[in-house]
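In the form predicted alone, a lone chain appears below as structure tokens.
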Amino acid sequence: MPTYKAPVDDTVFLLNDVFDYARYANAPGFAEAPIDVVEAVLTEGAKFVEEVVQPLNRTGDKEGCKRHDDGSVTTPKGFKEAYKALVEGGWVGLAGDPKYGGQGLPHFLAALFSEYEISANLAFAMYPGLTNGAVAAILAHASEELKDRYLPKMTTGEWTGTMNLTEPHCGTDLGLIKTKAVPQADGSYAITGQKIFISAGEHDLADNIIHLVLARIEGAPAGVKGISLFLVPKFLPDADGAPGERNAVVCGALEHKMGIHANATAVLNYDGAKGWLVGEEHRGLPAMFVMMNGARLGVAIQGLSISEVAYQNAAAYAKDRRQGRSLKGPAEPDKPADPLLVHPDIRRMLLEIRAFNEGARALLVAVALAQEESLTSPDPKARQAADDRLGLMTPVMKGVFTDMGFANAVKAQQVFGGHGYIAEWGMEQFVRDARIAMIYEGANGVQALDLVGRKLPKDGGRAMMAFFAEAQQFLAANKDDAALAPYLAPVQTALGHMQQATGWLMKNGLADPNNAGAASTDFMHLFGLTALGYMWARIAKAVLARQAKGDSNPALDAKLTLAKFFGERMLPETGAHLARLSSGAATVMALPADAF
């Protein structure tokens, strides 16, 4: 059976030593969460997911969700009790608005806790994760009446939420949506249509499920300009706010999926269901994007989380399993074979996974702190800069974290050899569960196009220029530190590759849009590797500072080794990405359609 231990110490190290959490001490949004509170919350959260949520991961995968003849759905054994404990512990509303029953802690803290929750059990974590996204969209765009009616129970997790975009004939191209909304005399709308791939669309964990549904009001303009957003509850609240009459939305089927079996991915049929407009007519996408952008960051965390739990189990196996002998002669001659860990290729795979995990966690902390600043800073310039960073990094993290998270789950499975292919060890579940993260909330190819086509040129390239300036300033400020030099040089090279790639796109993407499209995935990964390299340089600086004060221990030594490994063995891939994207779209587009 797989095990999991949340990396609380590493998270706290990043906050304290790498990102100087003390500088936020009096900032709005942070004042109620000094580092001792943050550490205590993360420690208790880790304990909860390790003891309550993680043991349900494999059993939930085996049992899955079940749909019954009346359209109701039951989740696997233990999920209902675990979810109740999650709600009662205040974990769903950790960063929720106190006005609606939330804990009022910083949003970044909820993001950091979610890494642990997802590592413990991805399918389970999706239920509260989607609810928090729905809450954010309602907070940003709904009327006060809708907020007062639904947010108190959604914020705490007593009621859950969903996001309904996809239809059988359309996924990414939302302009093709057919679900219709007919105005009613009481100010509501009758919603009719079918939505598919709806995560947590029907279940028994909560007394009510609040669906946020994209639909087209009769007579609306064609395309995305005619889409509106509606709040459609499973049960219509009665006069006291309790679940009352059943609404006309039914789960027609559960999808049979490769992974995340314990999350109910539903086909939902709307047959004149009563719904209420969220925001303005025909302005549904901006409202829904509040939820989607949050969801994309949540999915990025899924990539890191699966990579982390897969690594932990693979590393433990490699230290315990005996197979063959060291290439330099028996490491343990008195034993029949040496541990797997003596083999360089086993170490290569494990180091690649761990070097990604720790660098990605640093990037997550950096972006989560920026998100907090974008929401709470009293300085308009600081809010804008933080929002720029958040918008730029969202597609990079979603695409790169999930691509690498899946690849790392496969590497961890490889460490197990044949046992990795057998269900009882849990590795094949990590591979199956990780795969969806590359697809939902905008497939990774779409993330790459969003980065190149929208985020890169936005506001004259302001966000990208700010990233370059920050990284170059860090390198310049530390250029005379001889101890840090080995960790800085690879980052300088990678930044050069990224600047060349950006210049190539500016020149050739405009000349031929297919050049931008063909380059987009390589550019996204080049950017992701460079950002991770920058994080490792900052980690190395923090470690050296600790060691200079006499604090030397194996954990800190390991970070320096990992930083050097990333710079020597992983960061050079930026050169390959630059070479590929610079070749242009000619060969990509040359083959005629009938030759495929």
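From 1 onward, residues are counted along the sequence shown. Only a predicted model underlies this, so the values are computations on that prediction, with no experimental measurement involved.
Here the subject shifts to the form predicted together with a further copy of the same chain, a form of this protein not shown in this document.
- In summary, the region of this chain contacting a further copy of the same chain in the model of the complex, judged by heavy atoms within 4.5 Å and restricted to 434-442, 376-384, 472-480, 180-188, corresponds to 434-442.
- The candidate spot formed by Pro28, His107 and Thr493 lies out of contact with a further copy of the same chain in the model of the complex, as no residue has a heavy atom within 4.5 Å of it.
- Among residues of the shown chain, Ala331 is not one whose heavy atoms approach a further copy of the same chain to within 4.5 Å in the model of the complex.
- For Ser72, no non-hydrogen atom is located within 4.5 Å of a further copy of the same chain in the model of the complex, even though that partner is not displayed.
- Though the partner is left out of this view, Phe468 does not reach within 4.5 Å of a further copy of the same chain in the model of the complex, counting heavy atoms only.
- A residue is said to contact a partner when one of its heavy atoms sits within 4.5 Å of a partner heavy atom; Thr561 meets this definition for a further copy of the same chain in the model of the complex.
- Of the residues Leu484, Leu285, Ile196, Ala136, just one reaches a further copy of the same chain in the model of the complex with a heavy atom at 4.5 Å or closer; this is Ile196.
- Interface residue among Gly241, Pro98, Gly272, Gly324 relative to a further copy of the same chain in the model of the complex, by the heavy atom within 4.5 Å criterion: Gly324.
- If you take 411-443 and check each residue for a heavy atom within 4.5 Å of a further copy of the same chain in the model of the complex, you get Gln413, Gln414, Gly417, Gly418, His419, Tyr421, Ile422, Ala423, Glu424, Glu428, Val431, Arg432, Asp433, Arg435, Ile436, Met438, Ile439, Ala443, in sequence order.
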